[in-house]
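Encoded as structure tokens, the following chain is the form predicted on its own, with no partner shown.
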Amino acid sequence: MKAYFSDRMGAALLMAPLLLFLGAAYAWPFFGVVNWSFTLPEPGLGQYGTLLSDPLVQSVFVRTLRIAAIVTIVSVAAAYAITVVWVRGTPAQRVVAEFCILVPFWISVLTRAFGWVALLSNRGLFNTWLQAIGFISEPLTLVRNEFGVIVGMTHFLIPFAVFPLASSMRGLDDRVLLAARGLGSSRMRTFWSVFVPMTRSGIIGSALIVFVFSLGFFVTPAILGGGRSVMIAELIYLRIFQSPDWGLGAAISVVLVLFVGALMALLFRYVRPKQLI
């Protein structure tokens, strides 16, 4: 028993510097933001009342949740297809899939956002090509709206969704798939009835990562949205640096952090933590 407590004390001492660093780097600034939300411009709950009554703030919250949900669905679906090729494809297919997964990490989010602007703008490559072949007469509006934001965010987040899926797929027992095939199941039925359900933990983990990242996205929506599809992170920036309305910006930040924390608590409540790895 004495040795047990000694080991626990040693572990606590080893963890203490990390906990102190996390507290100084994250917890203390966050409590400062919480304080702003209650004290600026005057003490009280006025800023939280504004969140409940201001149509602009409410519309931004709804838009953010809608875009995050769409991006999550599209990113996880695309990442699933890529991961299947990466994990279970031929050697050549695996090399190509791995190249497609890793190369985006070498390009900054800012460069990728402006790259999509060059592709999707009215005089961009995509519209120019469609007009050249006579498919359209007028350029399509593909940027400075939600469509452009969704495309740019999805492109950025697909690689992040791949890794939990790959971990889940690599942990599958191939004998289960062989047993399903041996019992007369077709390839398609084996995939949908056996393979996909067995990778549920990877799907949940990927969806969690993508959705949380989407809620706080700033650069891509600001560039591809062009100020017409403002999301929560951009609204916080506008309230803090341009209005300035520090109290309301702080209140929005606090609500966003609490929402993400509640989402993760629910997931860990109903899903075993090891399923998200």
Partner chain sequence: MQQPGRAAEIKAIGIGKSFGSFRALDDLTLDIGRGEFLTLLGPSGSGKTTFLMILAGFIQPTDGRLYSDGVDITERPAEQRAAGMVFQGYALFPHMSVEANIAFPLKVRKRSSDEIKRRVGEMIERVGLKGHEKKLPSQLSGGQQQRVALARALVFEPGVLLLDEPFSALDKGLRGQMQAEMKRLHQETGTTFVFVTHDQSEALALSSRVAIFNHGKLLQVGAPDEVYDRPANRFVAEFLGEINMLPLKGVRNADNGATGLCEDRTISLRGNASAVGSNAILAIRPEYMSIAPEAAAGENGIAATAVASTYLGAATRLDLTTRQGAKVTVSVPNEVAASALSKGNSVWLTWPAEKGFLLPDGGQ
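Treat the numbers as computed from the prediction; the structure is a model and nothing was measured. Residue numbers count along the first chain shown, from 1.
As for the form predicted in complex with the partner chain, it is not shown, yet the points below apply to it.
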Is S193 close to the partner chain in the predicted complex, meaning a heavy atom pair under 4.5 Å apart or at it? yes
So, in the predicted complex, is V74 in contact with the partner chain at a 4.5 angstroms heavy atom limit? no
I'd like to check something about V176: if you look in the predicted complex, is any of its heavy atoms closer than or equal to 4.5 Å to a heavy atom of the partner chain? yes
May I ask you to state whether V117 is within 4.5 Å of the partner chain in the predicted complex, using heavy atom distances? no
With the partner chain left out here, work out from 203-211, 125-133, 177-185, 153-161 which stretch has heavy atoms within 4.5 Å of it in the predicted complex. 177-185
Answer option from L140, A78, M198, C100, heavy atom within 4.5 Å of the partner chain in the predicted complex: M198
Taking only heavy atoms into account, state which residues of 76-101 are within 4.5 Å of the partner chain in the predicted complex, ordered by sequence. none
